[in-house]
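Okay, so here's just one chain, in structure tokens, the form predicted alone.
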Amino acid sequence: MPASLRAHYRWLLTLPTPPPRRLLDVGAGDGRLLQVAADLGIPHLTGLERKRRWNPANRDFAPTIADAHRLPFPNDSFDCVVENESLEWIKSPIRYLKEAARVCTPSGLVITDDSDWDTLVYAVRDTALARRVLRAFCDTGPNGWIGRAAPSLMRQAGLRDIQVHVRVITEREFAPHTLGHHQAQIIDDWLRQTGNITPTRLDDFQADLHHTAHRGDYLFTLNRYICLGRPAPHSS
């Protein structure tokens, strides 16, 4: 796991006070957030994925395969329901947030944590090419501005006491174990599939990243929008 991402998850999981005992991660992927939660001592961890791509290193996690629009849990099952970089893939975010509020206790928190792809920054020589590549990814990918919409979506879903935090992930190293390197590969793969940028220009962008890193001038930053909301008291 990239050190920058691990630090972000550690910070994120300190936001609920008191610390949650029952945590649900919606769109848990490979279980990286849950691994950090386990390291912090949160005792009851559940991860949900829509498809069977669950392969966490820690087998203590309870994997659930289900649709985020219909969470298969009773009311008040969790003290904290969190998603990170999953809201952009969910067809109806408001419907999901209502479900998250239902399975969360009224004293708990529903948390969204999403990247704003329009804030991706790579320090490279060819800034015009970088701007073109990054804008194409933001505008053709799965809802690149979802983080900015999250507070409004929470309000429409009936959540209350909504808080908004912005955290900037920063890296100075470009290597396979870093988030910036991983994200650059995702951008490259996505744009090659969609054909929005020619393969030659994508090769130029990747070469520029490597050259900039070799000179010691590399910088990667990305804004993450973190929104917290409390469920309204549930009807009896």
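In this text, all values refer to a predicted model and were calculated from it rather than measured experimentally. One rule holds for the numbers: they count along the sequence shown, beginning at 1.
There is another form of the same protein, the form predicted together with a small molecule; it is not shown, and what comes next is about it.
- This chain lacks the partner; the member of I197, I187, A68, V36 within 4.5 angstroms of the small molecule in the predicted bound form by a non-hydrogen atom is A68.
- Only one of the listed residues (L109, I90, V103, A150) places a non-hydrogen atom within 4.5 angstroms of the small molecule in the predicted bound form, and that residue is I90.
- Only one segment in the set 162-170, 128-136, 79-87, 142-150 has residues whose heavy atoms sit within 4.5 Å of the small molecule in the predicted bound form; it is 79-87.
- At a distance threshold of 4.5 angstroms between non-hydrogen atoms, L209 is out of contact with the small molecule in the predicted bound form.
- Y9 belongs to the set of residues with a heavy atom inside 4.5 Å of the small molecule in the predicted bound form.
- Using a 4.5 Å cutoff between non-hydrogen atoms, L45 does not count as a contact of the small molecule in the predicted bound form.
- By the criterion of a heavy atom within 4.5 Å, H181 is excluded from the residues contacting the small molecule in the predicted bound form.
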